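In structure tokens, one chain follows: the form predicted on its own.
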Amino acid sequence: MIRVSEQSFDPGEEFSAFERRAAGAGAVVSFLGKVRGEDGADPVKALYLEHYAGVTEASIAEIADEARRRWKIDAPLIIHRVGRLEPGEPIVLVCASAAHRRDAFDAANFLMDYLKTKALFWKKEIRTSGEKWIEPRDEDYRDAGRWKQES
């Protein structure tokens, strides 16, 4: 299931529902990303995410499909917020279930690495010093690069 929304979500409720759907799995892995606040002398006051409805969801579906081709996982859960988010708010939840832990862990890691670098979002940090559109960091691209397959 993929959901992109301005509405907040309850990570515990979402995980519990996912876990019920994955009742036959031997492993369930989740990752919750939250908006950072304190970040040195110039703290983040808010994060703003834009997207193109339909297009962003399609880009995430491609990422999820790729994870399912690479690992023996069930349909993953990907919830991503858009709009204005305050520090401490959940921004993304990824859950993966599989018969065995390694597939679930690897798929969840892959999903997050590709969400950071390939999903169609535009992010703006609102800091004490002003606003700035941000790109994925070099570290994000290095992390995603570990999943490249040989041709």
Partner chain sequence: MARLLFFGRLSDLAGGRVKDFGLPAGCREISSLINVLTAADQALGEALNEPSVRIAVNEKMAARDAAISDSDEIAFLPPASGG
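From a predicted model like this one, the values you see are computed outputs, not experimental measurements. Positions refer to the first chain, counted from 1.
What comes next is about the form predicted in complex with the partner chain, which does not appear here.
Out of the stretches listed (95-103, 113-121, 64-72, 22-30), which one is close to the partner chain in the predicted complex, meaning heavy atoms within 4.5 Å?
Going by heavy atoms within 4.5 Å, the stretch is 113-121.
Residue 53 versus the partner chain, in the predicted complex: is there a non-hydrogen atom within 4.5 Å?
Although the partner chain is absent here, residue 53 would touch it in the predicted complex, with heavy atoms inside 4.5 Å.
My question is simply whether residue 91 lines the interface with the partner chain in the predicted complex - judged by any non-hydrogen atom within 4.5 Å.
Taking the distances in the predicted complex, the answer for residue 91 is yes, it comes within 4.5 Å of the partner chain.
Using a 4.5 angstroms cut-off on non-hydrogen atoms, would residue 135 count as touching the partner chain in the predicted complex?
Heavy-atom contact with the partner chain at 4.5 Å: present for residue 135.
Using the partner position in the predicted complex, report whether residue 9 sits within 4.5 Å of the partner chain, counting heavy atoms only.
No.
Given a 4.5 Å distance limit between heavy atoms, list every residue of 56-84 close to the partner chain in the predicted complex, or none if there are none.
Contacting residue: only 80.
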